[in-house]
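Shown below, as structure tokens, is a lone chain in the form predicted on its own; questions about how it binds or moves come after it.
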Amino acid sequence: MDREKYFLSTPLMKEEWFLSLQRLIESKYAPKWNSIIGDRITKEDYLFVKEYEKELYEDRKFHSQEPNSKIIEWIRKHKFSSYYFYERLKNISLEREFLKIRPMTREDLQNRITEILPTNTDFTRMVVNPTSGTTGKPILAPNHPRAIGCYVPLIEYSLKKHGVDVPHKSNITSGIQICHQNETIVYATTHSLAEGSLFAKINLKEKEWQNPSDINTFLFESDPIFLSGDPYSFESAMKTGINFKPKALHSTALELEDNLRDQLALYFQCPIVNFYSLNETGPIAYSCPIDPDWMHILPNDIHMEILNEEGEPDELGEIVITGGRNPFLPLLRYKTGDWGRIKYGNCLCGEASPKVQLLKGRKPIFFTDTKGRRINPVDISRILRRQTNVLRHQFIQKKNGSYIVNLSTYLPPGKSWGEELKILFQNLLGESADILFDFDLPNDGKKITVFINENIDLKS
């Protein structure tokens, strides 16, 4: 275990934290770790996040249909540090003409990111998280350790509203993220913002463990307060017989269907917290503990709008976000691509923030390889987001078992590039997989269904 790397990647690391982390990593039941991850939180970051946490709990009635003064000031601050903001705000009175600001799109993040980045920011601390690509348009979302650190109080707030407290002690594991992917990073870390509490990411695929039975043993031994993951991973955990019972499941990344939510609650015997969060926006909302069909807006430094297809404010439409705490990705009326409706007013659960109901989120879907084994669509996105030439994608599994990969590319695909892509997909789907690549997918901004499995009836 490389002690120096762990101390370098977690600057506030203490000796007792490291010893707890070492026990977790060196457990004889642990998975085959393949990465070292640290929080990169400095003392200055720590103080910032703690102040943010205080305001998060104290300021819960922060949202109305109009952007409040804090949001207006935040936008004004960026006008002269971001060329993109300057261009969009030219000749516009923020207080009177907010609705005239042309919304930011995913295409802007993909094609104009250098214009969005504020010029007065220290870029040396930039962390780049590629989006999963489940929307069909992978982007590189720059982020800051401080903004990522804010996830700790935001997640803990959502758990607390469901009756689950997460103690901050270096000898406990606060959470474990579970995945079910062909390939992903697997690591354990300790978090400065939770006073050294442990966190880990594991992959349920058997090849990632010394023995298949180690998965359950490791979970019981590390005893995390909550498990996080996407609905596909939780469903896989249930079907593979994971019998560890956490205090909560924290579901994110994809739409959690009602039936699956009920089955998970019955199987794991704990609250299911549905979390609405995007890589480019950070956390947006959490499910109401008494009405899980609705989600309360969580952070108090964003402004949410609902715009109809004509771009006008409406009760039902596309979710648009302004604000946030990521200094590398300020969002100005960002169109998320998700659709919903919004309600204002106090809730019976005690929350004062408005609640949103997602109408057309990213439904979980899976595929099968040539041997009938399940394939997580994240594995498909992982292959494609590494191909910088790919601007947009769509993957279809046909009823006859063949596959179609529709792509929009920046440059015409060369022979060697096409061959490399074919090999990567054959490694995932099977050497005999019948795969057709089509490079005529239009990159026109119109919504498409990114993943289609003709063998699955999503209406059922």
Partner chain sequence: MKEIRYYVKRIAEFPKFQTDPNTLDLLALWNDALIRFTNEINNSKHLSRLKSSLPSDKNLQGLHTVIIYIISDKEWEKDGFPTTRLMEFLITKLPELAKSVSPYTEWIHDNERSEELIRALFSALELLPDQEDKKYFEDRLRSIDTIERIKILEESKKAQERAKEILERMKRAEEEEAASKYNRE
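From a predicted model like this one, the values you see are computed outputs, not experimental measurements. Positions refer to the first chain, counted from 1.
What comes next is about the form predicted together with its partner chain, which does not appear here.
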**Request:** Answer yes if any heavy atom of Gly38 is within 4.5 Å of a heavy atom of its partner chain in the predicted complex; otherwise answer no.
**Result:** yes
**Request:** Give a yes or no for Gln269: in the predicted complex, does one of its heavy atoms lie within 4.5 Å of a heavy atom belonging to its partner chain?
**Result:** no
**Asked** Taking the shortest heavy atom distance, is Thr370 within 4.5 Å of its partner chain in the predicted complex?
**Response** no
**Request:** Look up in the predicted complex whether Thr119 has a non-hydrogen atom within 4.5 angstroms of its partner chain, and give yes or no.
**Result:** yes
**Which of 241-249, 343-351, 295-303, 189-197 lines the interface with its partner chain in the predicted complex (heavy atom within 4.5 Å)** = 189-197
**Item:** in the predicted complex, the residue from Ser287, Asn203, Ser228, Thr322 that sits within 4.5 Å of its partner chain by heavy atoms
**Value:** Ser228
**Item:** Of Lys100, Arg76, Lys169, Arg374, the one that lies within 4.5 Å of its partner chain in the predicted complex (heavy atoms)
**Value:** Arg76
**Item:** in the predicted complex: members of 96-126 within 4.5 Å of its partner chain, any heavy atom
**Value:** Arg96, Ile113, Thr114, Glu115, Leu117, Pro118, Thr119, Thr121, Phe123, Thr124, Met126
